[in-house]
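Taking the form predicted alone, here's one chain by itself in structure tokens.
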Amino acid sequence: MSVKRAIVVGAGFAGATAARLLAEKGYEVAVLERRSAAGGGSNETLRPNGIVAQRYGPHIFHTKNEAVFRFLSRFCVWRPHEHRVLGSVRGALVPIPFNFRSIELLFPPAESEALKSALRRYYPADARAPVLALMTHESAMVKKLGEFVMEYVFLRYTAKQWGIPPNQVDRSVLDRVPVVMGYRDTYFDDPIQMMPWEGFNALFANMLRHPGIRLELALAERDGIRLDAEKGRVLWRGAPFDGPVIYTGNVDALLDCRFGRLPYRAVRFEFEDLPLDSYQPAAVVNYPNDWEFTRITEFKKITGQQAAGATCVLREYPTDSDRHEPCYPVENPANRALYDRYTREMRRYPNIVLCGRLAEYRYYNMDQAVASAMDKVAAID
């Protein structure tokens, strides 16, 4: 019997999931990663003061997808973690998503009660409503709140994050953080909210620990796959490769940006180690209206690490992807049309499967990237 071989480009959540599932189908899988470690955006590092920090910003696992949770649970022990975020708005730190407590902190008592009464009239307790829905509501009070939240919570944050006016950002992006009709202050409403007990690095090490997987790290560009446009085939290290190729990187880069660059936003990360027990009252504090950075993360409040007199914070400065790692696809109709043009070109290479946030040009959470990889590998014999 001939040996079945596969290549996975990228060792983030989509790539590692695909590699493990292909190996369990009997493939010998080469995982090609240009970084020096697996884990994608969730990769962790040990700071000089002993604090564990996530290299690429806060990553908290949350999902409604039981199948994804069962799969990842094979590779780690979880601990519950409910993520909470505050926002700096008009001199106060208020819960984000915006909720009744946020209203109480920012409006005079009489106006606060009137706003909460109006919301209770139209929405069930703890419901979550997109800010755009509030802005077009029939109630003048509800509409007023929607306009306030857009102005002080979304408008400048979105402008910083995406580098464009909010009216040019896809609606799905603005709808990601809603207004909560009650006092519930957790950032996510998914029933499963967890952190791996030993960290994401250990989760990835366990997932990729399989006799059928060979992980190759810190690869030079010449060690990646190439496309032979004339014959419509994949080349790896100079030889044709006709097995499955799961590609999780930028699809425009794979095709040498022949139709133009797909826009991505990037982030410049600025870490600071501090001789403090605690820096801020929440794991993440957003700064929508002040400063050039969008948020500050204090990792001890995410990882649960106990370390007296030491902490680490991260400030995130959104930027373009010319000099920094691409993080977020800029989803709008024009960019989707450009992406579709690239995917039509990719049909010439039938053994390549595009998977994950960068390759599919989708704002995937971790669980969505895993689900995408599970679905795509399920279709491979």
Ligand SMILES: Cc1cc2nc3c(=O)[nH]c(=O)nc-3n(C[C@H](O)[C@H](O)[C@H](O)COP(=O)(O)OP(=O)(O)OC[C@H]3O[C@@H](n4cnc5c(N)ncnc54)[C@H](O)[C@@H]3O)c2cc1C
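Sequential numbering from 1, following the sequence displayed. Not measured: the values here are computed from a predicted model.
This next part talks about the form predicted in complex with this ligand, which is not shown.
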Which of 336-344, 66-74, 350-358, 22-30 sits within 4.5 Å of this ligand in the predicted bound form, heavy atom basis:
350-358
Would residue 18 sit within 4.5 Å of this ligand in the predicted bound form, counting heavy atoms only?
no
Would residue 295 show up as a contact with this ligand in the predicted bound form if we use heavy atoms at 4.5 Å?
yes
Please run the contact check for residue 41 against this ligand in the predicted bound form: heavy atoms, 4.5 angstroms, yes or no?
yes
Please tell me whether any heavy atom belonging to residue 60 falls inside 4.5 Å of a heavy atom of this ligand, as the geometry stands in the predicted bound form.
yes
Among 47, 34, 324, 315, which has at least one heavy atom within 4.5 Å of this ligand in the predicted bound form?
34
Pick from 212, 249, 178, 182: which residue has any heavy atom within 4.5 angstroms of this ligand in the predicted bound form?
249
